[in-house]
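Read the single chain below, which is given as structure tokens and is the form predicted alone.
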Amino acid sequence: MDVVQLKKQLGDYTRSLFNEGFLDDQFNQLQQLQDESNPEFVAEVVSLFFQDSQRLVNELAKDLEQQSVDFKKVDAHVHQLKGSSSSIGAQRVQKACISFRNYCDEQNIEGCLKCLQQLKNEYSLVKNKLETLFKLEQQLLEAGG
């Protein structure tokens, strides 16, 4: 595949992530912080997001399995995940966190468990989408674009 085709494919794929609501303008702002002196900036920030999010999702699952759920603790974890997803522009994860926090306020365990599943799904989707995006960017770099 030549550079022109790769650029088009990358552009189309990136647009689809915005059109489908996976990413918002915050991701563009993150990309603007990347330059020649730090060409891996976005990938590094997103990689940290993946690590942190996976840890928080695991914590949430553990928190919600307790005999007596500490909704303040659950809410604190969801709030943290909402903030980090917001900072990279992972819009659908952020929206799932907003719903989750509402159920925490109501101390609704069934709602929280349902939101945890939705959160896991959205996180997994955005992780796969961003990994694909970075692979396309890498292919473009290797092709000299």
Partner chain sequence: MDATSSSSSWKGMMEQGNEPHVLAVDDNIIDRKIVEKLLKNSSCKVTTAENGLRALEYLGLGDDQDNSLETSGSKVNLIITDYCMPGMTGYDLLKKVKESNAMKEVPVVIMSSENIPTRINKCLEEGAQMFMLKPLKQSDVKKLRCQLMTRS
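Owing to the predicted nature of the structure, the values given are computational and were not obtained by experimental measurement. Residue numbers count along the first chain shown, from 1.
Just so you know, the form predicted in complex with the partner chain exists too; it's not on screen, but the next bit is about it.
Q: Okay, which stretch from 103-111, 78-86, 116-124, 63-71 lines the partner chain in the predicted bound form, with non-hydrogen atoms inside 4.5 Å?
A: Residues of 78-86 come within 4.5 Å of the partner.
Q: Mark Gln29 yes when one of its heavy atoms lies within 4.5 Å of a heavy atom of the partner chain in the predicted bound form, and no otherwise.
A: It does: once the partner chain is placed as it appears in the predicted bound form, Gln29 has a heavy atom within 4.5 Å of it.
Q: Is Leu48 part of the interface with the partner chain in the predicted bound form - any heavy atom within 4.5 Å?
A: Output for Leu48 is yes: heavy atoms within 4.5 Å of the partner chain.
Q: Consider Asn38 of the chain shown here, and say whether it contacts the partner chain in the predicted bound form, taking contact as heavy atoms within 4.5 Å.
A: Yes, Asn38 sits close enough to the partner chain in the predicted bound form that at least one of its heavy atoms falls within 4.5 Å.
Q: With a cut-off of 4.5 Å between heavy atoms, is Ile98 one of the residues that contacts the partner chain in the predicted bound form?
A: The answer is no: Ile98 has no heavy atom within 4.5 Å of the partner chain.
Q: For a quick test of understanding: in the predicted bound form, does each of Leu33, Glu44 and Asp52 have a heavy atom within 4.5 Å of the partner chain?
A: Yes, the whole candidate spot contacts the partner chain.
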